[in-house]
Ligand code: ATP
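There is one chain below, alone, in structure tokens, taken in the form predicted alone.
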């Protein structure tokens, strides 16, 4: 990205928009490229101090340049070459006067460039906001977060401050990978925090570094960092799906890249509600030892400003990429994008633009972010999601068969009691034909509540009574479940090698 910025400046682009929150690091990069011949002076504008030459004290300001209009006018009047950095101009850029002055500056630069006076305005801001009048004239760059080389410099400086303390190559690599996705300033702070907490920097302090990533997710507001203690052993049935996931547990390692394997893109889980799709997504993060980020698309939508929703999604995806490799979990995808096709009448096309932004990102992403999505109503999903290549695989999670129901009962009973031999699992499995895993769990919980209210231990009969008192979704929504299974039979891969025994009931 630094090379691209240098090319744009040398190619005499008059207006460049740098999206970044790292002002100091970005200023240093701009100052470095200004030394390339022909050399240029660098000036920085802020609304608090006006225009100040880079490297000079802030009290040495150019007169009457605090207002954006006056500052741009001052830039136009300059006769020598220079790079003029405007920090946080986005609150003012929609002003007709500011927009007009910027367009005047672009026209002026085209003339001055012919006289060897090369000038470039760089707008630096953590928020991308561009008026339509400037869209054809501006080049937009996302300034990247520090890579392993820059983070290694930060870590080395911290170790030097600890009187040259040395660490092993393996420990250094783990500390650097843990800090990927943090800004340079955040990395410095978290390394200092690890040193203050433990008095040293070792492999055991990686968790302290990772905690800073969790804070990064919380500050984002749209993503949620999930921690799951369960394993694949807590999932009953779905053996084919679990095998597929186990085979890819090392898919993001360097060994896989050396072998020539491409990074997996994502997985779509379709199925009957309550059959463990969300649980499978959560336990996969532990199986693969990757952070799990849940994208809440409901938080993405923001009607306060045109384009704000799309910006929210881009920022969330950028955050996910910054801490990759990671799993991006989207629950109930069918609800999130159900109205994208006809949203022009209901929300001015916001849903369609969100949908398009997400699809484009899935198609073009190069970062190791594995998208794991679940859906219940397949007829609501846009066809673009279901085409081959969007996801690595589409699995259908059906209602559990008898053997799978035995596993599910055993799992939920073992979570709550050490001894489960007193329960007849076979009988419970036969009686719960057509029940989902969630409904089986609730039957066990309901039996425990009944027994607890009577101040006694729950028994087989309590669970049977709870099962009989429950009307499973497969009966209350027979037509929808049957239609979903018919669709998946020809279009999705079954999560289990044998289908559920439940058949459509006729009433």
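Since the structure is predicted, the reported quantities are computational estimates derived from the model, not experimental observations. Numbering follows the first chain given and starts at 1.
One more form of this protein, predicted together with adenosine-5'-triphosphate, exists but is not displayed; see below.
In the predicted complex, residue 266 stays away from adenosine-5'-triphosphate, with no heavy atom inside 4.5 Å. adenosine-5'-triphosphate is not drawn, but in the predicted complex it has a heavy atom within 4.5 Å of residue 438. Not displayed here, adenosine-5'-triphosphate is kept clear of residue 213 by more than 4.5 Å at the level of heavy atoms in the predicted complex. Taking the partner from elsewhere, residue 112 is found to have every heavy atom lying beyond 4.5 Å of adenosine-5'-triphosphate in the predicted complex. Residue-level contacts in the predicted complex: of 322, 81, 352, 278, one residue has a heavy atom within 4.5 Å of adenosine-5'-triphosphate, and it is 278. For the candidate set 178, 124, 272, 121, a heavy atom within 4.5 Å of adenosine-5'-triphosphate in the predicted complex is found for exactly one residue, namely 272. With adenosine-5'-triphosphate omitted here, the record of contacts in the predicted complex names 234-242 of 184-192, 234-242, 284-292, 353-361, defined by a heavy atom within 4.5 Å.
Residue 376 is the only one in 353-380 with at least one heavy atom within 4.5 Å of adenosine-5'-triphosphate in the predicted complex.
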